[in-house]
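Just the one chain here, laid out as structure tokens, in the form predicted on its own.
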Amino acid sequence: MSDATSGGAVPAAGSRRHGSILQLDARTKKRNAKEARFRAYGLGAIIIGLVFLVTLLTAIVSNGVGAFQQTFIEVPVYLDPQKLDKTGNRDAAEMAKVSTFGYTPLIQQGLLDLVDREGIDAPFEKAGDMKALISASAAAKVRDYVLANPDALGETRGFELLASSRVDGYLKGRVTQESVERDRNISAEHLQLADALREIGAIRKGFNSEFIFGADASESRAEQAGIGVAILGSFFMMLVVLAFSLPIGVAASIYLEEFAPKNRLTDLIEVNISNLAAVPSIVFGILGLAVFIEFAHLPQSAPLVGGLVLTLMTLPTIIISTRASLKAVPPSIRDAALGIGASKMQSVFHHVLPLAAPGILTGTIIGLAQALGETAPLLLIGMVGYIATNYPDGISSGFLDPNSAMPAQIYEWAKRADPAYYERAWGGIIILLVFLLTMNIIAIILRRRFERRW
């Protein structure tokens, strides 16, 4: 019996129409070239993005690092009892009647005496000529010391006082002798005197802790301005956002995902939630102004109102992320819980919700980080126009008293005329980025800590 294929001819090794499979034809080469180009485009996009990121961070750090340093002047001040305690009773209540205007001439005279004693050649003969070198906040510091230590009257004490913003800018390279020719606040002779005082160690630069923990200052005292009160205002606002957005957002997500019937009404709600996530934040500010201030008559510029406005803005983000986390839980978990006799609510709260917790926590922290950096809603409720000069007295005042927030404070500094405030605006951006980075790191840690795989 003959083989059925014996009559067929075996093709020669080199007679295949398309050549060997080990050789690339023109179409394969073209496809591979497209793939290589696409990889190159993707790599180029990543490199360009990294270049922009590095450029941005470099600009922020180079412009804002100066805010964490401040220039100080060591001034020996004679605490004249005839001017500070005219009755001679050393009574703090009577001494408090002397305002800072009574201390300013003593500070200026102390600096002039230091210049004369060190033999520094300066074209200044009056104590008032020293005004341009010293911060306007120096008198308050000396006054507070005298009221706390009445026995120091009649003695000469050394005080480390803030230098003026122009002197501080000069030592940081922001101000030059040529640039102050038309400046009515300081002259080139003052800057030359600052150089002489720096040579003898009377002027130095040091770490500016008041920028982190201090309060905002007026336009004339830029060197004293700090962001500490605004940080506290942001903290109280985040407490309000967390207290309202987390339970409301999670409860709404659980209902829509697990209990709500699938009909046109729930579809309409889901579409509107997605649309609210894309609404500009300033629209929520207008809503907060109309509802919480105009209608509910809540205090303007208060962290409570700011937190409520940011809650409205954060809710769609939390709802969307929570629903995505609930959807990621396999249906078999629900079926197994129902199969052993658990109710619908028990299966959700005892089995589904714990497994979805990592995603819920991550979405909540990302929503809080988004709210922390928002400025536009705070514009509408007045938190930008308020100068946060004092810490709140307690928890209730922290929520209800007018205050500012970090992004609002940065915006306020950026629009002021003094270049020192511009430097502080960059420094505030550094602090805000540190907070945002910390919150995102916490989100990653929590997600990996509670994440379960199935």
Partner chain sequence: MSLVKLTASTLTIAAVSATAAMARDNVQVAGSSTVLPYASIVAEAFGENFDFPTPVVESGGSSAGLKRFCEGVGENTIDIANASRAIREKEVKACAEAGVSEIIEVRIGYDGIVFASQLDGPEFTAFTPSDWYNALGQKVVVDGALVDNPHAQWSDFNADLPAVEIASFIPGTKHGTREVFEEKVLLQGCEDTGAMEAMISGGMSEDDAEAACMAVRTDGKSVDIDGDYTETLARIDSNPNGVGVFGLAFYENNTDTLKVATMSGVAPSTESIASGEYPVSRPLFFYIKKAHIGVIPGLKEFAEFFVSDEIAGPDGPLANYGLVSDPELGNTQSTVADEHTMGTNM
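Numbering follows the first chain given and starts at 1. These numbers were taken from a predicted model, which means no experiment stands behind them.
Form predicted together with its partner chain: not shown, discussed below.
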item	value
Full three-residue contact with its partner chain in the predicted complex, heavy atom 4.5 Å, for V61, I120 and K205	no
Sole residue of A127, L239, A277, A140 within 4.5 Å of its partner chain in the predicted complex, by heavy atom	A140
Single option in R221, K172, R157, K83 placed near its partner chain in the predicted complex, where near means a heavy atom within 4.5 Å	R221
Any non-hydrogen atom of Q300 within 4.5 angstroms of its partner chain in the predicted complex	yes
Proximity of R198 to its partner chain in the predicted complex, heavy atoms at 4.5 Å	no
Contact test in the predicted complex: F244 vs its partner chain, heavy atoms, 4.5 Å	yes
Heavy atom of T375 within 4.5 Å of its partner chain in the predicted complex	no
Interface stretch in the predicted complex with its partner chain - options 149 to 157, 71 to 79, 363 to 371, 285 to 293, non-hydrogen atom within 4.5 Å	285 to 293
Residues from 64 to 100 in contact with its partner chain (non-hydrogen atom within 4.5 Å) in the predicted complex	S99, T100
